[in-house]
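Two separate entries follow, structure 1 and structure 2, each one form of the same protein chain as structure tokens.
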Structure 1
Amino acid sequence: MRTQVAIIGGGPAGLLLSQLLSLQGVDCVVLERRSRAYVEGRIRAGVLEQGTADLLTQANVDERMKREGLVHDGFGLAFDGRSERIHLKKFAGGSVIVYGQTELTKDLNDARLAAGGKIIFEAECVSIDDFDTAAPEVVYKHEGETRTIQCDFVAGCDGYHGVARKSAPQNAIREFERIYPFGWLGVLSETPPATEEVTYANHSRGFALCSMRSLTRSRYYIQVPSDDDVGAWSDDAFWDELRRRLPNAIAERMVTGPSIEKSIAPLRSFVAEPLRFGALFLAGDAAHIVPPTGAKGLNLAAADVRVLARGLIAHYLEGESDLLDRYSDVCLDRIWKAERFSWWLTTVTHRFGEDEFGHRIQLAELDYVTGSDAGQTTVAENYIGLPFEGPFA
């Protein structure tokens, strides 16, 4: 098979890149090692920056998001028994949209397949060959047969554990990582949300988060040790612990019910540098991981795709290579700023051992940023997503 761009990974990043390229006549093929049902069933992020929402509009996959997504002009920070609001619209002139990654993935799959897009599910044993030449190839197995895709470029959108980053020469890549000593125990339930907007809570017992996927489906999290066992948590035990960590006014409004899904997610910060190796480009979780605290994972992936798509389109339609040449530097500038914000929000909302001095510093920091116009502006600008500049705006 011959194509212009081989995309490894059929999650939101790979599908969005495929959609943007195809709309401009750039031929591409998506390889995904899992089934469509598995990919669309994964429970993931649910907060979209305005820039991500705008990109989905450009990709013609925003109809359901605009109809069902929940626009939030602020978010809550609960601490010391009280709940304060960061005014996104007032201090940064923007909003975020609550719309589950699961739904976004379905929208992208529907759009690609309706347009005759080439998505190969259950592609196994993928390898990337000759990406340091003008004739890269992607080899994979499908339905028991070994097949080859000849292409001009390879986009590695296959996640942290994928083959793309592992294919990069070890002497040419640097990796930066921080592992946090806790995880998030998350519960999804068919219950109305306890808060109108996403609310982060700092408590002496540990972090908690009230979120939602719709007006009738809630997503809640509590901080637990990284080696905790999800099987040790009954629904009742989770709800009881969550209530303890929330201000009374929020806890009293909370409606409980059976969990639809329950899991523990570890927290880490990770960045690979650079993001280009000849004809191979890394995007999304293949290139970086952020703690979910700042709601940046999916949004950073979309930002990578935005830059990569514009570079590839300029290459094919205009014969210009400058945007592709700048891909790594442009993306890494945004990635490190998002890593910083995610790290900061994690450090001021989670407990790190029994350090009471540290906890007092957290409360003072939260009191400052919620009570200061300058503090709210800084937090709001980062939460809604930093602006793009120049040809990437």
Structure 2
Amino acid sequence: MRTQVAIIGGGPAGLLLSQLLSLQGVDCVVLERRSRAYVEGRIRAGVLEQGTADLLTQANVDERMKREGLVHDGFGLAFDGRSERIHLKKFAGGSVIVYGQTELTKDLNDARLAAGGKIIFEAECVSIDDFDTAAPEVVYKHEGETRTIQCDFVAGCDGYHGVARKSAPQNAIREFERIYPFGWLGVLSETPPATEEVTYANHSRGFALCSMRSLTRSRYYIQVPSDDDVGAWSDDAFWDELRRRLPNAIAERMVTGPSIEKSIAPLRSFVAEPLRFGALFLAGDAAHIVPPTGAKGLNLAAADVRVLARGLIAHYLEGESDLLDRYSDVCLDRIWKAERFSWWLTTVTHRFGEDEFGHRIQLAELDYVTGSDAGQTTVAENYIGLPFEGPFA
């Protein structure tokens, strides 16, 4: 098979890239290791920056998001028994949209398949060859056979554990990593959310987060040791622990019910540099991971895809390679700022061992940022997503 752009990975990054390219007539094929049902069953974060929402509008996949997504003009920061609000609209002139990544992935798959897009499910890429030449090849396994795609470019959108980043020459890539000594135990339940807005809570027993998927479906998380066994957490034990970590006013409004999904995810910060190796480009989780505090993962993946799609489209439609040449630098600039914000929000809201001095510093910092206009502005502008500039605006 021959295509212009071979896209490895059919998560949100790969699907959005294929949608944006196809709308401009650039030919592409998506290879996805898992089945469609598996990909659409993964529960992930659910907060979209306005820039991500705008990109979905450009990609013609915003219809359901606009209908079902919840627009939030602020978010909560709870600490020391208090409940404060970061005013996104007032201090940064923007808002975020609460819409599950799971739903977005379904919308993207629907749009691609309705338009006759080529997504090969249960196709595992095993190697990416000759990407330092003008004739790269992608080798994959599908239905027990080994097959090859000839292409001009390869987009590695295959997540943290994918094959794309591992294909980069070892002497050409640098990796930066921080692993946190805890994970998030998450529960999804068919109950009305306890808070109107997403609320991050710092408590001496550990971090807690109140989020939602709709007005009748809640998503909650609590910080747990990274080696905790999810099977040891009954629903009741989860609700009890969550309640203890929230200010009384929120805990009293919490409606509990059976969990629909319960899982533990580790927290990690990770960046690979650069993001381009000849004709191979890394995008999304293949290139970087943020801890989920601040919900930047999907937004950062979308931001990479925005730049990559524009670069590839300029290459094919205008014969202009400048944007592609700048891909790595433009993306890394935003990536490090989102890494910083996610790390910061994690640092001020989680419990790090028995560090009482550190805990007091966290409370002082939260009091400061929620109580000062300058503090609110810096948090708000990062939360809604930093602006795109120049040709990427």
Ligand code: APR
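The model shown is predicted, which means the values in this text are computed figures rather than measured ones. For the two forms, the rigid core is made up of the largest set of C-alpha atoms that agree within 1.5 Å on superposition. Shifts are known only where both forms have a C-alpha. Numbering runs along the sequence of structure 1, starting at 1.
Compare the two displayed forms of this chain and pick out the form predicted together with the ligand. Structure 2 is the one predicted together with the ligand.
Superposing on the core, what residue ranges of at least 3 consecutive positions move by 2 angstroms or more in Cα between the two structures? Moving stretch: 124-126 alone.
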